[in-house]
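First, one chain by itself: the form predicted on its own, in structure tokens.
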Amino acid sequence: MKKVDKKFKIIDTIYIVMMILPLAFGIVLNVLTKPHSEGINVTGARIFFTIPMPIQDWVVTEAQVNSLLVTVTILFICLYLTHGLKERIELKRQHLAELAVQKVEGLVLENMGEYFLGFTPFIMGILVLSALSSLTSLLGLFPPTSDINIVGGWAALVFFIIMYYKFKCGPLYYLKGLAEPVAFLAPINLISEFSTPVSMAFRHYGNVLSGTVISVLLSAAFGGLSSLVLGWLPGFLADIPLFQVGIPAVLSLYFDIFSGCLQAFIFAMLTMMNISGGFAIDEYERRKQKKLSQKV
């Protein structure tokens, strides 16, 4: 084996370990810190500790820690997929990386237009971060997307980007747009501006949280059904979780996998439509040409 090949495989191994390590750490942390409870227990993100701050204390929660772990995992997934990229494809992972970029690039081009093609990494980041955050529930972790503070932060970031592009044509053009189609609707239009991030956050948070709650309730219901059906049997036979084996796993295909990935796609689509829809590109190009003509 060549020295270069050994070095390449060592780096690959490090990337793979670092992909798994953050989530493994989250599982261990969850096992060591989660209090024992019996029956149905649906709670929010646990608070690990509080850091005193001048204005307001910084509360470090389970959702924040898990979100950071998912981010680190995504970082090393990207490093692994892009390790050894060449002009001529030699690795299968390069096919996967290029396919992902092409699909998201096509999605951005179709929904936002060529002007926003540079948003491809941002949209891909939203898709992967949201999907993997929701899928952490399969590992027994608290999904960060079930915390309104996490999803609200994403929505606030998108809102600032939307407002940036709305103001690219100038403050007066933006204020004029609030008075359309008639001036007395300006207050309602102003409220609708701020309702955008709120609706995006609550839609994503609510759908993911409801799926988690329903999964817990169904698991508890199947446990009760098992006791009802097998309760008359002697000894340990009465404690066999007959209906808790297999059926909850099938249901999780929807509530944890399909629903989580679907909400990630919806959040990304709303991001693309709100950003591109808020930018008057024709007016921007007209103003740009006008400034260029004045300089000449």
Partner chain sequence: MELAIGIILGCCALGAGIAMVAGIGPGIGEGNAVAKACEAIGRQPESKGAVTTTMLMGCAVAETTGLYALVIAILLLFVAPKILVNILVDAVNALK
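Quantities reported herein were computed from a predicted structural model and do not represent experimental measurements. Positions refer to the first chain, counted from 1.
Note that the form predicted together with the partner chain isn't included here; everything after this is about it.
The contact residue chosen from F222, F202, Y80, F116 relative to the partner chain in the predicted complex is F202, the criterion being a non-hydrogen atom within 4.5 angstroms. Interface residue among G84, G206, G140, P171 relative to the partner chain in the predicted complex, by the heavy atom within 4.5 Å criterion: G206. In the predicted complex, M273 approaches the partner chain with a heavy atom inside 4.5 Å. A residue is said to contact a partner when one of its heavy atoms sits within 4.5 Å of a partner heavy atom; Q102 fails this definition for the partner chain in the predicted complex, lying far away. In the predicted complex, the partner chain sits beyond 4.5 Å of every heavy atom of N189. The closest non-hydrogen atom of L29 lies beyond 4.5 Å of the partner chain in the predicted complex. Heavy atoms within 4.5 Å of the partner chain in the predicted complex are found in one stretch of 194-202, 68-76, 149-157, 89-97, which is 194-202. Using a 4.5 Å heavy atom cutoff, none of T120, V128 and I162 lies near the partner chain in the predicted complex.
Contacts to the partner chain in the predicted complex (heavy atom within 4.5 Å) from stretch 137-171: none.
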